[in-house]
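Next up: just one chain, as structure tokens, the form predicted on its own.
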Amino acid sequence: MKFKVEKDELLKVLQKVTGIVPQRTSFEILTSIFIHTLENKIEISSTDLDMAITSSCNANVIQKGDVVINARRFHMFIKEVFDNEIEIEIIDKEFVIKTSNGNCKMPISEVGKFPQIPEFKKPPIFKMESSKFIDYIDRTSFIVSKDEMKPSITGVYFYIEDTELFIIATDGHRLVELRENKISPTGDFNAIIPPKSLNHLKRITEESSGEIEVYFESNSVGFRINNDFISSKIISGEFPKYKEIIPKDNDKLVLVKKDEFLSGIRRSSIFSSPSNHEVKFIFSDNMVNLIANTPEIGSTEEKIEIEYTGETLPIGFNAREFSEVLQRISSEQIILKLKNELSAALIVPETKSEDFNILYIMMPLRLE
């Protein structure tokens, strides 16, 4: 193996693939990366067995070959190199990095011991602008359970019905349903995807543009964006029948300016209990009163104008979790659909998007 590569291009690839390399593992090979040369580029892969990443960049390949080396040491060394171009070669079974300051030699591992990177032979299930897909991840993946006893809700549920893509997540007391209505699927898609995989996808594609291709085969899902490919195992199990809990008869409607409401909730949460961040919402004629009182911290009470005509309704909510929902709604105003102090609240944007519909469900806290 022998090739020359621009340092900046190599560094971009290494920053992507080393992000999932485990620092501590009983499988030493997982601390390595796999470098594969093609006609005029190199591919670098890493895996933690649950997720794998392959990223490529252009290179002047003089002699083809494959090699497995320690990921972090290679990454750290390349970051400190001043040369614009780096020459790399295998000499006497050593990985040699040639720079203007001298040569660096690293031991190599057996290529055959590196885990096989999943391959997807079927065409993509659907394609979508990467910025849109990442936006959907941001609006949904923050609501997942951390309860390992309920694995099916520790991930984000994706499925296709007719020509609509549904993205669902719940942590047991909040739920989000996002429906994308402008895709052209080529087959069935039904998968619970770990948030770790989605968040890493988000990190490596935030600066990318173009389409993202989504692949699905048996127990794995894959995402291709430009020169990057991420594959991930899906979470086994059946996602709860969530449609049964979406409120159908919440007849008390509240219209409120989102930013003003969000700021008020955040201020109130400062004085809420650290255990459950409870803030009391009292809805009355065209007004909501936000009350938080924790003796050892302090108290606050403030009023915010709303559009609401109905009976006075006190409801307790976790202010921190409520804020997380509101900040992901783009509309200037939001609609709350309420029933009583013990029933789930439905939260939707007042102005709907042309591309997708979204709703959030928030369970109340039992007021003392």
Partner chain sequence: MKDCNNKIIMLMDMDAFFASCEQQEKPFLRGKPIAVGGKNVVAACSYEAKKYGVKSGMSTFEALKICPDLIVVPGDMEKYASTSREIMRMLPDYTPEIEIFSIDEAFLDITGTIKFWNNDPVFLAEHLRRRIRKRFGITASIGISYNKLIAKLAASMAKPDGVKYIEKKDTHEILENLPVDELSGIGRKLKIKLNELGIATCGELGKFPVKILKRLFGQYGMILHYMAIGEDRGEVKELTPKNRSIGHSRTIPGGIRDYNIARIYLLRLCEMVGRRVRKAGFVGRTVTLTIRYDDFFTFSKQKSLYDYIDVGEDIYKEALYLFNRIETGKSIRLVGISLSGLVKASRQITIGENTDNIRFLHALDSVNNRYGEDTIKRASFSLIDVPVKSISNFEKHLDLKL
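Numbering follows the first chain given and starts at 1. Computed from a prediction, not measured in an experiment: that's the story for all the values here.
What follows is about the form predicted together with its partner chain, which we do not show.
Shown alone, this chain has one stretch from 87 to 95, 275 to 283, 156 to 164, 110 to 118 that lies within 4.5 Å of its partner chain in the model of the complex by heavy atoms: 275 to 283. Residue 341 is the only one of 48, 43, 66, 341 with a heavy atom lying within 4.5 Å of its partner chain in the model of the complex. Proximity to its partner chain in the model of the complex, defined as a heavy atom within 4.5 Å, singles out one entry of 139, 224, 257, 173, which is 173. Within 4.5 Å of any heavy atom of its partner chain in the model of the complex lies no heavy atom of residue 54.
Residue contact with its partner chain in the model of the complex: residue 318 places a heavy atom within 4.5 Å of it.
Contact check for residue 147: a non-hydrogen atom falls within 4.5 Å of its partner chain in the model of the complex. Although the partner is absent here, residue 76 is not a contact residue: none of its heavy atoms lies within 4.5 angstroms of its partner chain in the model of the complex.
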